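Read the single chain below, which is given as C-alpha cells and is the form predicted on its own.
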C-alpha cells in the first residue's frame, strides 16, 4: 500500500480526506475502531477517481453507507473508507432516480409527497439507497427487487456501468454487488400513482409495528441473522432461552430475540462472541445453522 502517494494524489485533486475517523458514531451499532483514511466524495466523477487511485496505489477501499448493517472491528478499518454524498433525486412521472448516498427514509418521504406508492415497506429501514440495493433490503413483504428498475455502478476497472433489475441477481439479502468490488452510485425505481394520505398511512403503520416489536431504543445492526428456511431466527433463539443473554454489553434483546443489541459500550469482540454462543446453542439443540445477516468488516 502506497499510502503517501495515494493521499498526495487525492489532496492535489481536492478530494476531502480525514485521518483516523472514529467509526463508532457512523454505524447504527455504535461499535468500531477508526478508519485510517476517511474520504468523502460529492459526485460520481470523484468516486471514480478515488476508486482508480486506490487501485493504482494498492490501497484497500471500503464503501460505507449509513452503517446500518455492519459490525466494524474494534481495530477499525485499514486503508481507505469511502463515503458517498450522492443525494440527488429526480422525479419523472412515476419513475424516480436517486443517488446511492440518499437515505431510504428520505426517499420514502419524497415519494409519498409526490403521491407515489411502492416504497412504503422501506420506511423505517435505516441505511442508504445504495446499501439497500446491495443487500436487497426488505421488510413486511416488500423488498428492493419489487421496485428497482436499474442501478449505476463503478466496475472493477473504474468504468461507469448500468445494470437492469433482471441482471442484479437480487435474492434474499443479496445481489451481484455483494460479492464484488462494484460501487453503486445511483438507482432508478418504478413506482405507482397513489393517494398521499393512504401512502402515509401505510408508512406510519409499518413504523408503528417496528416500534412495537423491535428494540429501537438500543443501538443495533438490525436483524442479526438471516431467516433460516422453514424457521424464524428470533423464535429459535427465544426457544433456547437466550433472550437477555449477555457478553459484556452485547445482549440478545429481551423484546425481540432476533436482535443483538448494544447496551452501552459493547465491543465487536463482545458481539462476535455472543453470536457464536447463539449459533452453537441453536445448532446443537435444533440442528439449524443460523447465518449472520450482519456484515463483519475490519481485522
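Positions refer to the first chain, counted from 1. Note that the structure is predicted; figures quoted are calculated from it, not measured.
Below: the form predicted together with a small molecule, not depicted.
Q: Would you point out which of 214 to 222, 111 to 119, 196 to 204, 156 to 164 contains residues with a non-hydrogen atom within 4.5 Å of the small molecule in the predicted bound form?
A: After filtering at 4.5 Å, what remains is 214 to 222.
Q: Can you check whether residue 96 is within 4.5 Å of the small molecule in the predicted bound form, heavy atom basis?
A: Taking the distances in the predicted bound form, the answer for residue 96 is no, it never comes within 4.5 Å of the small molecule.
Q: Could you tell me if residue 127 has a non-hydrogen atom within 4.5 Å of the small molecule in the predicted bound form?
A: Taking the distances in the predicted bound form, the answer for residue 127 is yes, it comes within 4.5 Å of the small molecule.
Q: Taking heavy atoms only, is residue 228 within 4.5 angstroms of the small molecule in the predicted bound form?
A: Result no; residue 228 lies far from the small molecule in the predicted bound form.
Q: Report whether the minimum heavy atom distance between residue 295 and the small molecule in the predicted bound form is within 4.5 Å.
A: Because a heavy atom of residue 295 falls inside 4.5 Å of the small molecule in the predicted bound form, the answer is yes.
Q: Find the only residue in 240, 40, 28, 267 having a heavy atom within 4.5 Å of the small molecule in the predicted bound form.
A: Looking at 240, 40, 28, 267 one by one, just 28 meets the 4.5 Å heavy-atom criterion.
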